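Just the one chain here, the form predicted on its own, laid out as structure tokens.
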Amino acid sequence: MLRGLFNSVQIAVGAFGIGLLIGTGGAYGKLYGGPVMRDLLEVYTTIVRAVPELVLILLLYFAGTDLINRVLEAMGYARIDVNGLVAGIWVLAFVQGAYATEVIRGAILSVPQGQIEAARAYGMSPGMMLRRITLPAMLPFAIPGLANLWLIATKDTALLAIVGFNELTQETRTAAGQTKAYFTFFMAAGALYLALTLVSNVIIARIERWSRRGTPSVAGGGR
């Protein structure tokens, strides 16, 4: 089960990281890209958010692997066996990217436009404006949504059991089937998922406090 937990964490970290990159590019494409790019990104985010994740995983895992091999064969190369870990990471990253796109787009829109206009007035390049203005200002708005996406990623790894990948749920099912101690093993799996969530919440809270440093706190109950 610990081996399965390690595999689940690997997939979640990889999928969340790649999904974050996809989401950042997608958000900027939706906000500042041309009409064609905006339309393509709208189709991508709409389809991913509309279709159940299990269906997407089955489609991307099997159809995606078959498509890659067909392309390789058409180019004169031999078929390959796609590593289960790599395939799992990319499949979940594709799903995470659509949600991250909307989270980051909303966070960027929350940045006061006066700051953007001031940066442009000072002659900042788009890259410098991104590093010094947009990213620091949007981070407090993005973290709650991204934190939820991370927790979803840790739980979505369980869906990969349907394609036979040995993450925590699959390892638990195998162990329970061999020992017939279903209650014990699935309760242990639930405890491991809970522990992962609690540790994640502690880390996320620290990151959120760091991102809000220097900003005034909202006082409640004042007159």
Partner chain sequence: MSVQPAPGIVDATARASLWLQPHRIILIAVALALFAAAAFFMRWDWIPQYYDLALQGLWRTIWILVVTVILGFMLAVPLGLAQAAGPRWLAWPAQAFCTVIRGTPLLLQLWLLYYGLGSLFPQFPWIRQSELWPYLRQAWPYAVLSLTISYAAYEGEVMRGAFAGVPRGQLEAARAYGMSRWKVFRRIWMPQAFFRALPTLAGETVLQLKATPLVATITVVDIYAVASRVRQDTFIVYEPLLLLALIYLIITGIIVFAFKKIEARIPVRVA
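Quick caveat: nothing in here was measured; it's all calculated off a predicted structure. Numbering follows the first chain given and starts at 1.
Keep in mind the form predicted in complex with the partner chain is missing from the figure; the text below concerns it.
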item: Residue 62: touches the partner chain in the model of the complex, heavy atom cutoff 4.5 angstroms; value: yes
item: Proximity of residue 159 to the partner chain in the model of the complex, heavy atoms at 4.5 Å; value: yes
item: Residue contact check: residue 30 to the partner chain in the model of the complex, 4.5 Å heavy atom; value: no
item: 94, 115 and 208 all contacting the partner chain in the model of the complex, non-hydrogen atom within 4.5 Å; value: no
item: Residues within stretch 182 to 196 having a non-hydrogen atom within 4.5 Å of the partner chain in the model of the complex; value: 182, 183, 186, 187, 189, 190, 193, 194
